[in-house]
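Take a look at this single chain, the form predicted on its own, given in structure tokens.
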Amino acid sequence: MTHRREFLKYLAASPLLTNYSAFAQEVEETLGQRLTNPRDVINVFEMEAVARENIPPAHLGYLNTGVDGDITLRANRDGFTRYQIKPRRLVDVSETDTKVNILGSEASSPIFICPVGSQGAYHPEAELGTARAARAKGHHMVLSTQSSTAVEAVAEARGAPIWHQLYPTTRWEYTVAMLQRAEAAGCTTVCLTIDLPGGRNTETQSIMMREDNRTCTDCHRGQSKPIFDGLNMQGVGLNNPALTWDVIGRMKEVTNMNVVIKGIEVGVDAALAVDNGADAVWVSNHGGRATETGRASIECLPEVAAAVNGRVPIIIDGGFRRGTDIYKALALGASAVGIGRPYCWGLGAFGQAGVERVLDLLNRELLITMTGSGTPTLESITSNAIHDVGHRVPRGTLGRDLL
């Protein structure tokens, strides 16, 4: 590994790398591994480089994997290239506003902290570090069913109502128990994840696990997620392949929380979700780790927005790494944009301080894009601000922003 890094450093200055973005990205990551202060990190890609040094290979594999050949994972990044920003000039942008209120949850930014499970695998602070960063920066947070930390402790650390992401188990009474526990902890919205009815094939994770010389049982023996306390999960599936759209009504019978459907990728499903009572829809392909569709989340958004037609808020995640990415989603109809891997890289790199730095970087880039485009408020970002060229730009032109 050391010789490989030295080789990459030697080649970093070569003009031959100009058109090989994947290799150039790897070089940048290698060089970025020297950073020791979160304030010195200039983008989320450098934050990933630091995280790679700190997070064990098997845990990093779980975080960074896609499915099958990672085609959809890469598509989530490439998809942004088909949309170009159309900046307006001589607009008063002296005052900006990025505040949002989605289903009664207020935040200083439309950048939401997505549910990511097992954050204790990335840093000892786990979800508490993430929650404290969200509190410090005024960001909204959604907690995973697979959280390493109890929902009650995370809600307390956030200091404001959070949302709870829910996997629908194969035992309805367990699903109800988790719903009611989340509500009792102060969660105001539940986000039902529907995109994993049949499991997934995470090959990159399997490959990276081979690089880990630790014994897995030393880390995972007897481990259970706090949300399952008091529930006998033996033989119980985390995802229920028998669910249909009536689950929304069934959930509303047992909880007063808002119900968001997470994992929407086509317009007809978005319409069905709204027609069946969903309070919001969440466009997501699970970060490229559900079905290998080859379609980017951002490419699904226009179709979903047309089907929803302003009836409920739309949230989206999948491949967001730049403020310009977030801007494009807002212009295409998203009410909020979720990030997952970037803040986990920050957590793995520096704990709470790393998460805060990731949020600062993305907010700064978003504000630069807003002011530079003549759109000082979120409301002023409309479909007129972007142009769909109808195809993705070849990956070789993406420079450093690959994955």
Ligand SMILES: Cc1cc2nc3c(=O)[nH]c(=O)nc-3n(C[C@H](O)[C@H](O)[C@H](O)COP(=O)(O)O)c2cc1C
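No experiment lies behind these values; they were computed from the predicted model shown. In this text, residue numbers run from 1 along the sequence as written.
One more form of this protein should be noted, the form predicted in complex with this ligand, which is absent from this view; the next part is about it.
Checklist entry - Can all three of 129, 349 and 351 be found with a heavy atom no more than 4.5 Å from this ligand in the model of the complex? => result No, none of 129, 349 and 351 comes within 4.5 Å of this ligand in the model of the complex.
Item to check | Interface segment, criterion being heavy atoms within 4.5 Å of this ligand in the model of the complex, picked from 271 to 279, 143 to 151, 180 to 188, 87 to 95 | outcome: Residues of 143 to 151 come within 4.5 Å of the partner.
Next on the checklist: Quick check on this chain: which one of 322, 139, 123, 286 has a heavy atom within 4.5 Å of this ligand in the model of the complex?
Outcome noted: None of the other options qualify; the answer is 286.
Item to check | Listed residue that, although this ligand is not shown, lies within 4.5 Å of it in the model of the complex (heavy atoms), from 197, 226, 237, 117 | outcome: Here the answer is residue option 117.
Checklist entry - Looking in the model of the complex, any heavy atom of residue 193 within 4.5 Å of this ligand? => result Answer yes; at least one heavy atom of residue 193 falls within 4.5 Å of this ligand in the model of the complex.
Checklist entry - Any of the heavy atoms of residue 167 lying within 4.5 Å of this ligand in the model of the complex? => result Taking the distances in the model of the complex, the answer for residue 167 is yes, it comes within 4.5 Å of this ligand.
Item to check | Close approach of residue 317 to this ligand in the model of the complex, 4.5 Å, heavy atom | outcome: Although this ligand is absent here, residue 317 would touch it in the model of the complex, with heavy atoms inside 4.5 Å.
Next on the checklist: If we define contact as a non-hydrogen atom of the residue within 4.5 angstroms of the partner, is residue 357 a contact of this ligand in the model of the complex?
Outcome noted: Outside the cut-off, so no.
Next on the checklist: With this ligand taken in the model of the complex, which residues across 340 to 354 come within 4.5 angstroms through any non-hydrogen atom?
Outcome noted: Counting only heavy atoms within 4.5 Å of this ligand in the model of the complex, the contacting residues of 340 to 354 are 340, 341, 342.
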